[in-house]
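Given as structure tokens, the chain that follows is alone and in the form predicted alone.
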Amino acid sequence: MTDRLGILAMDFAMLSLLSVGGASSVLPEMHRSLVEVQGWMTSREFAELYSLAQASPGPNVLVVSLFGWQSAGLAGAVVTTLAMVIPSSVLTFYADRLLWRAAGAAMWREIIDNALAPVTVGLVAASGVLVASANVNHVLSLVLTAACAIISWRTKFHPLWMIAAGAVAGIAGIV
């Protein structure tokens, strides 16, 4: 069990430092580690845990607690959460202090924000494709996923209604 906790701590600490845009931006790498490399859950379980975290109130980073719980119980949940939060928080704290002391701090902040925005969009889009592809095993699932993506993109329709529609379709055995 300590090996598993060590792997979780190292993987999620590294991901913490790469998670520009939040935990969802490194979801593909979490999937690769937990599903493909370690085999601690299936793609479907991964997608279900992600969906549960998204439907729950609170910050998006809580999904790592669910992944840790599934992988190594309560200790895994604590380890993944701390490993995901602490490194990026410490880095942000010290980087912010450094930028405020630097000459032309406002200019550097704007440059960094402009540089990281497209990176964040790309990482989050890759995460969306990963989660969607984990559950597309039927034509109707593909249609429902595509419809939800288009509705989210083009309207201000609340996503909980789409989650509810997916839940009803799943319960009904349609998808």
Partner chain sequence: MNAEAQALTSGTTVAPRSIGELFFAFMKLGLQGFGGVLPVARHALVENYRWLTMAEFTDIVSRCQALPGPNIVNVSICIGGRHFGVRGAIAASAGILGVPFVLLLVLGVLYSGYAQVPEVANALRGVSAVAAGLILGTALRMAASPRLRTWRTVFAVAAFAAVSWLRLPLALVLAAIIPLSIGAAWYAQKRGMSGS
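Keep in mind that this is a model prediction, so the values were computed, not measured. Residue numbers count along the first chain shown, from 1. C-alpha atoms forming the largest set that superposes within 1.5 Å between two forms make up the rigid core.
Heads up, the form predicted together with its partner chain isn't pictured, but that's what we're talking about next.
- Using a 4.5 angstroms limit between non-hydrogen atoms, M10 is distant from its partner chain in the model of the complex.
- Its partner chain is not drawn, but in the model of the complex it has a heavy atom within 4.5 Å of E48.
- Remark: C148 counts among the residues lining its partner chain in the model of the complex, judged by a heavy atom distance of 4.5 Å or less.
- Of the heavy atoms in L27, none are within 4.5 Å of its partner chain in the model of the complex.
- The putative spot formed by G6, S43 and S71 is not touched by its partner chain in the model of the complex; no residue has a non-hydrogen atom within 4.5 angstroms of it.
- Along 42 to 59, residues E48, L52, A53, Q54, A55, S56, P57, G58, P59 each place a heavy atom within 4.5 Å of its partner chain in the model of the complex.
- In the core-superposed comparison between the shown form and the other one, L17 has its Cα shifted by less than 2 Å.
- In the model of the complex, the Cα atoms of I150 and L49 sit 3 Å or more farther from each other than they do here.
- CA of M30 to CA of W161: farther apart by 3 Å or more in the model of the complex than in the shown form.
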